[in-house]
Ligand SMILES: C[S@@+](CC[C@H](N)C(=O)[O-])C[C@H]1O[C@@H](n2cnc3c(N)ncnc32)[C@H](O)[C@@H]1O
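Okay, so here's just one chain, in structure tokens, the form predicted on its own.
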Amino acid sequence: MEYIKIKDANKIISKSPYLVTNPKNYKNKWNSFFQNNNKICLELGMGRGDFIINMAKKFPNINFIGLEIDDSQMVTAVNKLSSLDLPNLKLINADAMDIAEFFGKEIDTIYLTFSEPWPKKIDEKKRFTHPVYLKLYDRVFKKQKHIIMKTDNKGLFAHSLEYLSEYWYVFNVVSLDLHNDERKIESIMTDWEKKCLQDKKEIYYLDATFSG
């Protein structure tokens, strides 16, 4: 997907009370930062924030952190949040490769919603479910690792199933057509997801865990 570059996006997001400008300072201290001992869930590549904002609204007793490298996309999320009061939500404008600098073993669930598919073989290590990232997640997960993923890219989903299974994750749920699945799997939709449904595109979904 292509996005419009917003002038002075970094200045706009820096004014938001939701943005954590110094996340390294809170490594191993996020529960103190949130002032509670609730679970902490992290979305990587949160884009315009639809998913993470609505999750924070729906589950006030869970802490959510949305990470996005593109400050222009984050502007949309910040604008949406300007009229909301969600003490259980914070945003980080950074590269996902840096998460081990921000978190100790503090994360309960990682959400990957419509991540960049990186279809070319030369770019496969950039996929958020590639073992390069799975090893990184090991450093921030609590004892049980938990990944929930949604995508409209069949190739990325197929590779993700392969990567996760080879890494000894167990699939609790796999759906090749989330919104027509008879199990009625509950999931917050993003704006992009709604567009996919209008275009009658399948949404692929997985929920995987690994204890160890």
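A residue's number is simply how far along the shown sequence it sits, counting from 1. All values reported here derive from a predicted model rather than from experimental measurement.
The following text describes the form predicted together with this ligand, which does not appear among the structures shown.
Site annotation in the model of the complex: the residue of 161, 62, 148, 69 reaching within 4.5 Å of this ligand with a heavy atom is 69.
For a residue to qualify, one of its non-hydrogen atoms must sit within 4.5 Å of this ligand in the model of the complex; all three of 96, 133 and 191 qualify.
Using a 4.5 Å cutoff between non-hydrogen atoms, residue 76 does not count as a contact of this ligand in the model of the complex. A residue is said to contact a partner when one of its heavy atoms sits within 4.5 Å of a partner heavy atom; residue 128 meets this definition for this ligand in the model of the complex. A residue is said to contact a partner when one of its heavy atoms sits within 4.5 Å of a partner heavy atom; residue 109 fails this definition for this ligand in the model of the complex, lying far away. Within this chain, residue 46 lines the site of this ligand in the model of the complex, having a heavy atom no more than 4.5 Å away.
Annotated contact segment (heavy atom within 4.5 Å of this ligand in the model of the complex): 46-54, selected among 177-185, 139-147, 46-54, 33-41.
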